[in-house]
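Consider the single chain below, provided in structure tokens and representing the form predicted alone.
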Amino acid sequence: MAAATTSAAAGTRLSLRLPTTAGARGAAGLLGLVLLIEGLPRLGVVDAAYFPPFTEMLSALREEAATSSFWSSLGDTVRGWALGLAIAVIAGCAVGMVIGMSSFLRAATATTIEFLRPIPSVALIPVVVLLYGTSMVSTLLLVVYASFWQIVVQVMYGVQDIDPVAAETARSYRFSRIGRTRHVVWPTTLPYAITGFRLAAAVALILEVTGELVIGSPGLGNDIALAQSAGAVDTMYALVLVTGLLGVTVNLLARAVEHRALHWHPSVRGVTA
């Protein structure tokens, strides 16, 4: 009993130390990157006119943060990302469930999906610009297109992974189609859908910034292009740093959603235990 208590206490101490160690290693890695960015131009390895030290980027970021246009652009980027991701999640889950639950639809759409899914969203930029110009709608379509496939494919995998015994048991108890979907299909599919959500969240941000950068719709990407055209190199890198921080925030948000939605799942309980 004493040994078990000691082992449990050691396990608790270990679980408490691991996040701290991982956090310290992450901070050390980030510090190393900062020192590298600061040191390369100061040592003359790269031209400081085109790659300023980190402190100059930080100074430019402080100046940008004091302007209302910066926060307006940040809001445009976050809004476009969130809206596109929400549309992709809703549409991807619905389409994936419908196709995954029908062998006929799976067979009928398999080739079409494999044809459409690998098409890079960037390759569709000329098409959306012709159709919708340089408005936010064009960038939104790119975000939805790229994120949609991450969701729909994962949901289809999840539906196909349903335990046949559970499915037959639900039929034996005369569950309605809605009841089978709610009590059998969705619990099995949810971990796959969450995986798709995490992948789609990162892809959506990449396409949002890319669309703003190339198409010229409002947002941080457009500001990066304008800064580059104006020769404001330090401001350009400062905005790039903001997109990186935004990516870290999106990843943390996706992980929080995963832990919240799958708190009952062994994979999450195993991590947090």
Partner chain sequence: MTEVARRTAYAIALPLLLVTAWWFATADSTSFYWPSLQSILEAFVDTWTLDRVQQDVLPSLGRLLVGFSLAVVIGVLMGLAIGSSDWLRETLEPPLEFLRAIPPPVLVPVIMLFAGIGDGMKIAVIVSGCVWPVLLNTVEGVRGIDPVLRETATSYRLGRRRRITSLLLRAASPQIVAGARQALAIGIILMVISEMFAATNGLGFTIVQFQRSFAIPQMWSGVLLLGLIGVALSLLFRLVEIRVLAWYHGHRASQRKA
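So that the term is clear: the rigid core is the largest set of C-alpha atoms that superpose within 1.5 Å between two forms. Residue numbers count along the first chain shown, from 1. Computed from a predicted structure; not experimentally measured.
Keep in mind the form predicted together with the partner chain is missing from the figure; the text below concerns it.
Interface residue among 91, 127, 98, 167, judged by heavy atoms within 4.5 Å of the partner chain in the model of the complex: 127.
Using a 4.5 Å cut-off to the partner chain in the model of the complex, each of 104, 119 and 243 places a heavy atom inside that distance. Comparing 108-116, 172-180, 79-87, 187-195 against the partner chain in the model of the complex, the single stretch with non-hydrogen atoms within 4.5 angstroms of it is 108-116. The partner chain is not drawn, but in the model of the complex it has no heavy atom within 4.5 Å of residue 35.
Taking the partner from elsewhere, residue 39 is found to have every heavy atom lying beyond 4.5 Å of the partner chain in the model of the complex.
Although the partner is absent here, residue 131 sits close enough that one of its heavy atoms falls within 4.5 Å of the partner chain in the model of the complex. Although the partner is absent here, residue 230 is not a contact residue: none of its heavy atoms lies within 4.5 angstroms of the partner chain in the model of the complex. Residues are counted as partner-facing when one of their heavy atoms sits within 4.5 Å of the partner chain in the model of the complex; in 202-233 these are 205, 206, 207, 209, 210, 213, 214, 224, 225, 228, 233, in sequence order.
Core-superposed comparison between this form and the one not shown: the CA of residue 26 exceeds or equals a 2 Å shift.
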